[in-house]
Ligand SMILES: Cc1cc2nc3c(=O)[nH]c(=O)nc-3n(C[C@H](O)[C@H](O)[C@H](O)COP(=O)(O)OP(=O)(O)OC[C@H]3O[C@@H](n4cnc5c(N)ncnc54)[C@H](O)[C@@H]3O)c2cc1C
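What follows is one chain in structure tokens, specifically the form predicted on its own.
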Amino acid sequence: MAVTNKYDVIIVGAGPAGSVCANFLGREGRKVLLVDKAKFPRDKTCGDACSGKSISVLRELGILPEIKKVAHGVNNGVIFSSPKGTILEIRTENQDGFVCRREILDNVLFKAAKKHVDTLEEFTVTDLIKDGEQVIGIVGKDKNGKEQRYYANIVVGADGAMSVVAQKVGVFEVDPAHHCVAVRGYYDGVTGMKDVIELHFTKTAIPGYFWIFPYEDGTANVGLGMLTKDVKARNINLKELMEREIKENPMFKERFKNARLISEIKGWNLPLGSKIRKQIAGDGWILIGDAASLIDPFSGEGMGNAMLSGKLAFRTISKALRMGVFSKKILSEYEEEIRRELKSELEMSYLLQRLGKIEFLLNLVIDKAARNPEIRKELTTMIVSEEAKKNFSSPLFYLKLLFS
């Protein structure tokens, strides 16, 4: 499609949130411009695990069969290890989870959206165009450095953790207590991997965790994440800590003995949903995905909430376009829906994050579940069911653990 300068909606950022939102709007016949500073396919630093909500949205858009055609690892469960070294494997077959490199996954999503909307790659947004307080467009530079302006009734910020849109509307902040930093690298030759993801709460990684996520070709996404507050307080170099875990931790050093790093070790920021941005919709603008700060505070997984937010934003935007009204009052319905859908879940994940800092509790839960099939079954249900997760906050659950 030929890019013009006036649209119903401009979406800044073509990751999972932006591409999903664009796809829904484009299928409805809306005139949409999807812009990104990169050229696809492009890498995106991430843990690459995809489950739950992501699967639901991909299935609704008819994209899931396309994902299954490309290279991806199957995820049929999770391995936890406690600070004392107890290993617990929980199987969750038939949950459709997978691990897919973002270079591949995001490109599938982008190409699917591209069938329905205008796209503009290698375009860096530098500012928003406003009429008073109303956002009416974007300003940016194309790949040749030439400044361009595009106008729309609504601008969607899907531009990630350092969102330019969030900055320009004045809602951007980094709270170290609700923000995570992580590093990851790709490795070949790691032994002992299964068709499950691995989360290791090692003594040196607490209050974060070390992970190993396997791909179909025997390679793995290996990383470590921790709250920014704790990284600063303890003056931790995450890359060095991850390398030390690999080389010195008895649980990993034999598994990585002949492994080879096949990429850079890269870091990234994760704005956690334990503190959603103070405002995620306003006059002529909406924030979705990481730009809205929706990452799960416990698992660090962001794609599910990103895709869901893209879908929810579509609903509100579609209504606003039908009404021809683009005010904060109308677009804030999206914010209300986000909080209605995610607030209790994110609060529960935040509680789990805080519980995960307590070494005694981690050892207790994982030890008991490793020995007791009934507790292991209960934990399995709690992992796959958002409703059942509430049991983690119940004193009765921990009393049961103590006396089982």
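A residue's number is simply how far along the shown sequence it sits, counting from 1. Note that the coordinates shown come from a computational prediction; the quantities given were computed from them, not determined experimentally.
Same protein, other form: the form predicted in complex with the named molecule, not shown, and the subject of what follows.
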Which of 284, 160, 208, 73 has a heavy atom within 4.5 Å of the named molecule in the predicted bound form? 160
Can you work out which of 308, 154, 117, 270 has a heavy atom no more than 4.5 Å from the named molecule in the predicted bound form? 270
Interface stretch in the predicted bound form with the named molecule - options 312-320, 122-130, 82-90, 243-251, non-hydrogen atom within 4.5 Å: 122-130
Against the named molecule in the predicted bound form, would residue 302 count as a contact residue? Criterion: heavy atoms within 4.5 Å. yes
Can you work out whether residue 362 and the named molecule are in contact in the predicted bound form, taking contact to mean some heavy atom pair no more than 4.5 Å apart? no
In the predicted bound form, residue 102 touching the named molecule (heavy atom, 4.5 Å): yes
Against the named molecule in the predicted bound form, would residue 47 count as a contact residue? Criterion: heavy atoms within 4.5 Å. yes
Using a 4.5 Å heavy atom cutoff, which residues in 20-42 contact the named molecule in the predicted bound form? It's fine if the answer is none. 35, 36, 37, 38, 40, 42
